[in-house]
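Heads up, the chain below is alone and in the form predicted alone; it's given as structure tokens.
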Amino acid sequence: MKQVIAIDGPSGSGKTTIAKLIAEELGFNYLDTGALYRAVAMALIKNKIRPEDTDDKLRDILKETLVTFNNGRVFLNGQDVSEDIRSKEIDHYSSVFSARKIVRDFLLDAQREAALHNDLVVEGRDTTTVVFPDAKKKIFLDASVEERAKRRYLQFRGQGIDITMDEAKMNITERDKRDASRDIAPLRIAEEALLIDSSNLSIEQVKNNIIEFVRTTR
């Protein structure tokens, strides 16, 4: 395995923005594991799979599903779905389906394979604890519910998606509950991870803190 810098944290904590900047600074490749789960959710929804459906039904669809991540773009069966997976519907169902073991197992090998050939900055919700427990550096990026809801609200509005602040906060709260309480790979802070609360920090400050941690600690 090549060098891996893994960043975990709840929805809206700034993982994607920071991971891209860290990858650029270090000359590493960037892998957005959340985008992979969104693409899988899209495939399942398109095939009329519901969260309560059996593993066998999900397996039938997953057998015919190919999800890849290349140069910051997400591809579902060869089609670029990078923008399509950012809808409110996909945002919801990616969180719901990611709690299913069959979905997590489906994507586990794909994520680990990416580290066989390239140094990576990887971000997600179990990258430090499950996907890359032997990562060179681990970071847990957090922020208050209010700040994360604000970021999600601005993200959706910037994409032309109609959402209220109350809806954004509800979305964040529900995802936090699912991520923390799921039986498979619940969100938690790895013991050796650097914990950063970005609520009152600029993007540049967060980036610099992580770069210093990566470069000055063994």
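Every value quoted in this text rests on a predicted model; they were computed, and no experiment measured them. For every residue, the number given is its place in the sequence shown, counted from 1.
The discussion below concerns the form predicted together with 2'-deoxycytidine-5'-monophosphate, not included here.
- The partner is not drawn, yet in the model of the complex one stretch among 64-72, 160-168, 37-45, 22-30 has residues with heavy atoms inside 4.5 Å of 2'-deoxycytidine-5'-monophosphate: 37-45.
- In the model of the complex, K88 stays away from 2'-deoxycytidine-5'-monophosphate, with no heavy atom inside 4.5 Å.
- A residue is said to contact a partner when one of its heavy atoms sits within 4.5 Å of a partner heavy atom; D126 meets this definition for 2'-deoxycytidine-5'-monophosphate in the model of the complex.
- Remark: S198 does not count among the residues lining 2'-deoxycytidine-5'-monophosphate in the model of the complex, judged by a heavy atom distance of 4.5 Å or less.
- Shown alone here, R151 lies farther than 4.5 Å from 2'-deoxycytidine-5'-monophosphate in the model of the complex, counting heavy atoms only.
- Looking at 173-189, the residues that come within 4.5 Å of 2'-deoxycytidine-5'-monophosphate in the model of the complex, counting any heavy atom, are R175, D179, R182.
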